[in-house]
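The form predicted on its own is given below as one chain in structure tokens.
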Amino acid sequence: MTGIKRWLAGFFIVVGYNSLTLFGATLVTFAAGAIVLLLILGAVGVAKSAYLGILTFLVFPVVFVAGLLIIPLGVLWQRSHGGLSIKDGLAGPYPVLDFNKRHVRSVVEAIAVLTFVNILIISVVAYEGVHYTESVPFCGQVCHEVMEPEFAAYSDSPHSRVACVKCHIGPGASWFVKSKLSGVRQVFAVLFDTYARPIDTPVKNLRPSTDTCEQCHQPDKFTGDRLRVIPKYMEDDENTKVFNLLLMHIGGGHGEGKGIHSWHIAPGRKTEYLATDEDRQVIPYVRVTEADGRVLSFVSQDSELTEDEIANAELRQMDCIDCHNRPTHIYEMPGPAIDKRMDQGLIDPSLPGIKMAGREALERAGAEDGDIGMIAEIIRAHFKEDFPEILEKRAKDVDQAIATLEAIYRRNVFPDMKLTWGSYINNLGHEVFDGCFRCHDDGHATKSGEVIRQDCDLCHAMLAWEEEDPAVLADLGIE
């Protein structure tokens, strides 16, 4: 007990010079206790929250370090106001380290133990803090209102098991530092409410897909053709089910120049382009360099660029993101979203006119201010006016349809962020946005007359288009 008392005496000598050092020690003790408690609760799974993570790895560590800084400040203040008054010879501007004296040994031991504990806590918090700031909850849930749309889309995407940082940062120290500096800017944007609504798509500051996408996907393996069966429901009373069947010419590195990937990102061909807008939707110039060194320069017939402007322009080399620009944060359009849920059985296709009424409800509810309550009103009004017996006899099916439509709305429309149908451009395909047709328009031509063709068969063969019973489905044994 004597040793413990001696050590405690040394501890109080270290922190008890004056009220300032005592205040710093109090902050350190409180913050350390809170950090350790939250770490334990997180480890055993009792407390799991993005906001608790902020307290554990950001707020309390700042308080902890602030307390550590205040303690020596208190010592300096004491020194400037009459020196240090420590018993047994430790008086004067600087203490005399005479280890033959018990109190000196006690002070040094206390400082050594406290230093070790402090370093341990800071090391653990710093290590775990880095991991926390790269976690999905931190990226998607901390700034709830700002990132809610992106997190909702991410959670429902094919990449929902891939951490945000794998695509937005990727490997390497330089991009890690860039991301943290960018994160500081974003924190201030949130604090001062200066962020864009909806938030900007990070077109220019994304890494090349060779550093991110191609860490998992291998373009040279995308070979051959693939069949896409796309069910669709017509907007008639019967919700007639039809099919679109596309044989996609995927191509790839060994596709001998045939197919989508073979043309755009084949190792032997370099495709570059010039975009004149922030979203890369207006592309007046495309340059293709073949493996044998032959160069083809395609200029849009609508382009007003001079040859000098083109020669001096900074071109972008085409990669995955130029077409797959929303591989994770995918927002749906009303029609296809309803088709998907009807095919899944979440909306009963036997409810008359539900496709047409559902699309109208979603579009009207998704206006600038947004009003999810309109969905139930429009659907009930539809059945009340045209099919009252359905509303009476199949109330559960109608309620299920309304609930599913509302879920579609909540998944894609966020009025507070001014995000509604079509707010974000999706370049994959060409049904809603220009997509492929940004270049494939028969209007980009070389001086010799070669054009970037707008030919359906370049990318896919249409085996059936809005057919009720395509014969090819029966031939393939697909129901």
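Throughout, we count residues from 1 along the sequence that is shown. Keep in mind that this is a model prediction, so the values were computed, not measured.
What comes next is about the form predicted together with a small molecule, which is not displayed.
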property: Candidate from 342, 398, 246, 408 lying within 4.5 Å of the small molecule in the predicted complex - any heavy atom; result: 246
property: Contact assignment for the small molecule in the predicted complex, among 110, 351, 125, 213, heavy atom within 4.5 Å; result: 213
property: Interface segment, criterion being heavy atoms within 4.5 Å of the small molecule in the predicted complex, picked from 385-393, 361-369, 173-181, 263-271; result: 263-271
property: Any non-hydrogen atom of residue 468 within 4.5 angstroms of the small molecule in the predicted complex; result: no
property: Residue contact check: residue 105 to the small molecule in the predicted complex, 4.5 Å heavy atom; result: no
property: 4.5 angstroms heavy atom contact with the small molecule in the predicted complex for residue 283; result: yes
property: Contact test in the predicted complex: residue 233 vs the small molecule, heavy atoms, 4.5 Å; result: no
property: In the predicted complex, shift in Cα separation for residue 202 relative to residue 433, 3 Å or more; result: closer
property: Direction of C-alpha distance change in the predicted complex, residue 126 to residue 202 (at least 3 Å); result: farther
